[in-house]
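Take a look at the C-alpha cells below, where one protein chain is shown in two forms, each on its own, as structure 1 and structure 2.
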Structure 1
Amino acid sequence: MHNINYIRENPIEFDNAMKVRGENPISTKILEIDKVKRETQTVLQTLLAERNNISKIIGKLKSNNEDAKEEMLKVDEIKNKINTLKELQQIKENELNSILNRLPNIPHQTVPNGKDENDNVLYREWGSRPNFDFKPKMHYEIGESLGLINFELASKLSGSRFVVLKKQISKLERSISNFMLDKHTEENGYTEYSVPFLVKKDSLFGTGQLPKFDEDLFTAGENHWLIPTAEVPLTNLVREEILNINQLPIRATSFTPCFRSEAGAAGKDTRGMLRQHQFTKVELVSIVEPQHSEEELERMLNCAESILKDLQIHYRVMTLCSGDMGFSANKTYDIEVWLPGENKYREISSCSNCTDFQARRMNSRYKTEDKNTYVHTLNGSGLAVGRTLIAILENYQMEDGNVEIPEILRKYFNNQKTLL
C-alpha cells in the first residue's frame, strides 16, 4: 500500500515507478479522487462539529429542564447534509483504496529496469558447474528408476502437479528441511515458528496476495485460504501491532507446505516435481527498522546462500528487474541453482525487501521516541525444499543410478554415504 502523501508530493516519480513495473500512469486520477475526498471531508467535519456543539447545548438545556425544541430542529437540518456527505466521502475513499490496493511497490533505485526475467542481472555466483563422465539425468528419471518418486500414484490421489515420494527420497526431503531449520536457528539467528497453513483474508491482504492475485490461491471452505508461502503467516505475526523498538529486529523461520494453483502456468514445467500445487519450503522473514532493511536483505540473502554452500551446489544470484519482481517487493534477489539434468539454472529462492509496503497494509509499526513508524518487512526462501531435493538428486547423481548424500546431510542418515 502506498503512502498517499508521497503520491501528492511526487506524482511524477510515482508514475515513473509504476511505469517500470508495467502499470499505467495513474497519479492524476488518484489525486483527483483524493482531492474530492478531502474537500468533502472538510465540509463534513465542520458540520459534525456543529452538530456536536448543538447536542451539547441540548444536553445542558434538558438537564435544566428547559425547552430545546429550536436546537433540535437545527440538528435535524444538519443531519440530512451530514448523511449525504458521509456517503460521498465513503464512495471516494473506496474508489481510492481499490486503486491503491492493486498497485505494486516502488522499485529501489538499484533495481534494473526491464520487462521480464530476461532483463534480470547477474549479481554473483558461487562454485562451478560439475563435470559428469556420463549424461546426467533429470531428477524424475533418477527418482522414478529408483522407484522412489511416483507421479502416477499422486495423480490418482489428487490429479496433476502432485507427487508421492517414498523411503529414502522421502527421508531425504525430511533431512533437508531439518538441516535448513537447524542452520537458520543455530547459526543464522532466526527463531523457529510453527504456524497455521490456513489463513484468513486479512492476512493475505497484508502481504499483498489479495485482492489482486486470488486466482493463484487455493481456498478451503468459506473463510480460509491455503498459504502459498509461510511468508504470509510469519509476516502477519506483526499485523496490527505496535512493537517496542527493543523487539526489533525480528527474524523468524518456519517450515511449511505451500499451496499454489499455478493458474498462469498451464503447460509449463509439467514434467517432474519442479512446479507443483503443493511443495514444502523453509521460509525466512525479517521485521526491521527502516534504516536497516537494505543491509538486512543482504544478510538474508547470505543466510539463504549458506544452505547451498553447505550442500556444495553451484548457484548464481540474480537481481530481478523491475518487471519481474513480485507485487510487494522493492528489491528482489533470486538464487538460481544449477540443475545438470536440465542443463539450466532454476530459481530455488527469492529474497525480497518489501520496505513499508506490507507494513502499511498490515498496520505494523514500532514505537520511537515521539511517534509510531511503519516497520520494514523482508522475506526469503531458505530454501524451497522440493527444489533443493531436485538439485541434490541431479548434482549428486552417480552413473549407476544411485545418489550420493551431501556430507552435511549425512548426520541425518546415520552417516550413510549414498541413498541406497
Structure 2
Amino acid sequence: MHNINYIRENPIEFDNAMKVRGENPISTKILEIDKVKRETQTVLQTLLAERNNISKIIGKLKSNNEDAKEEMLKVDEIKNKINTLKELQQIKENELNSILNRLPNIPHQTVPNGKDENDNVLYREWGSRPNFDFKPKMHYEIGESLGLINFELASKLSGSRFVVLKKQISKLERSISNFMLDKHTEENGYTEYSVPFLVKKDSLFGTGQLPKFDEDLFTAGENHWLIPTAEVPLTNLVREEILNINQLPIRATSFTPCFRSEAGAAGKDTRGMLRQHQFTKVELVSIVEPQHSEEELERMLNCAESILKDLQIHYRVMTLCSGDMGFSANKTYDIEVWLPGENKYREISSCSNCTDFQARRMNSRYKTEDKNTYVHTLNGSGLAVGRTLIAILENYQMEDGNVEIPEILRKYFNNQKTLL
C-alpha cells in the first residue's frame, strides 16, 4: 500500500516510479478521487458539528418546555445529508483502495531500470564453476538413473509438476532443510517458527499476493488458501500489531511446503524439479525499524549466501531491475546457483526489502516517543530446498552416476561420503 501523502506531494515522481514498474501514470486519477474524498470529509465534519450544536439547542428548549420542532426538522435534514455524504465517502475510499491495492512498490533509487531478467545487474559472485572429465548430467537424469526420483509415479498421484523422492535423495532433501534451519537459528540469529500452511485472505493481502495474483494461488475451501511461501504467515505475525521498539528487530525462519499454480509459467521447465506446484523452502523474514532496512537486506543476503558457501557451490548475486522485481519489493537481490548439467545459472533465492509497503497493508507499526511508525519488512529464501537439492546433485555428481555428499551434510548421513 502506498502513502497517499507521498503521492500528493510527489505526483510526477510517483508516476515515474510506476512507469519503470510497467504501470501507466495514475497519480492524476488518484488525486482526483482523493480530492473528492477529502472535500466530502470536510463537509461531513462541518455537518456533524452543526448537528451537535443544534442537538444542544434542542436539549435546552425541551428542558424549558419550549417548542423544538423547527430545530428537530433541521437535525433530520442534516442527518439525511450526512448519510449521503458517508456513502459518497465510502465509495471514494473503495475507488482509491482498488487502485492503490494493485500498484507495486516504488523501486529504490539504486535499482537498475529495465524490463525483464535480461536487464538485471551482476552484484557479486562467489566460487568457481566445477570442472568435469565427463559430460555432466541434468539433476533428473541423475536421480532417475539411481531410481531415486520418480516423475511418472508423481504424475499418476497428482498430475504434472510433482515429484516423488525416494531413499537417499529423500534423506538428502531432509538433511538440507535441517542444515539450513540449524545454520540460520544457531549462527545467523533467526528464531524458528512452525506456522500454518493454510491462511486467510487478509494474510495474503497483507504481503501482496492478493488481490493481484489470485490466479497463482491454490484455494482450500471458501476461506483458506495454501501458502505460496512461508513469507505470508511469518510476516503476518505482526499484522495489526503495535510493537515496542525493544521487540525489534524480529528475525524469523520457517521450513514449510509451498504451493504455487505456476499459472504464468505454462511450458516453462516442464522437465525436472525446477518449477513445481509443491516444493519446500526455508524462509527468512525480518521486521525492522525503517532506518535499518537497507542494511538488514544486506545482512539477509549474507545469511542466504552462507548456505551455498558452506555447501561449496558456485553462485552469483544479481540486483534485479525494476521490471523483474516482485510486487511488494523496493529492492531485490537474486542468488543464482550454477547448474553444470544445464550449463546455466538458476535462481535459488530472492531477498527483498519491502520497506513499509506490506506494513501499511497489514497496519503493522511500532511505538516511538511521539507517534506510531510503520515497520519495514524483508523476506528471503534461505534457501529453496528443492533447488538446493538440484544444485548438489549436479555439482557433486560423479562419473559412475553416484553423487558425493557435501562435507557439511555428512553428519546427517553418519559421515557417509556418497549417496550410494
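Whichever C-alpha set is largest while still superposing within 1.5 Å between the two forms counts as the rigid core. Fair warning: this is a prediction, and the values are worked out from it, not measured in the lab. Residue positions are counted from 1 along structure 1's sequence.
Between the two chain copies, the one drawn from the form predicted alone is structure 2. After superposition on the rigid core, the Cα atom of Lys309 is displaced by less than 2 Å between structure 1 and structure 2. Fitting the two forms on the rigid core leaves the C-alpha of Glu144 displaced by under 2 angstroms between structure 1 and structure 2. After superposition on the rigid core, the Cα atom of Glu95 is displaced by less than 2 Å between structure 1 and structure 2. Shown is the Cα shift of Leu73 between structure 1 and structure 2 after rigid core superposition, which amounts to 2.4 Å.
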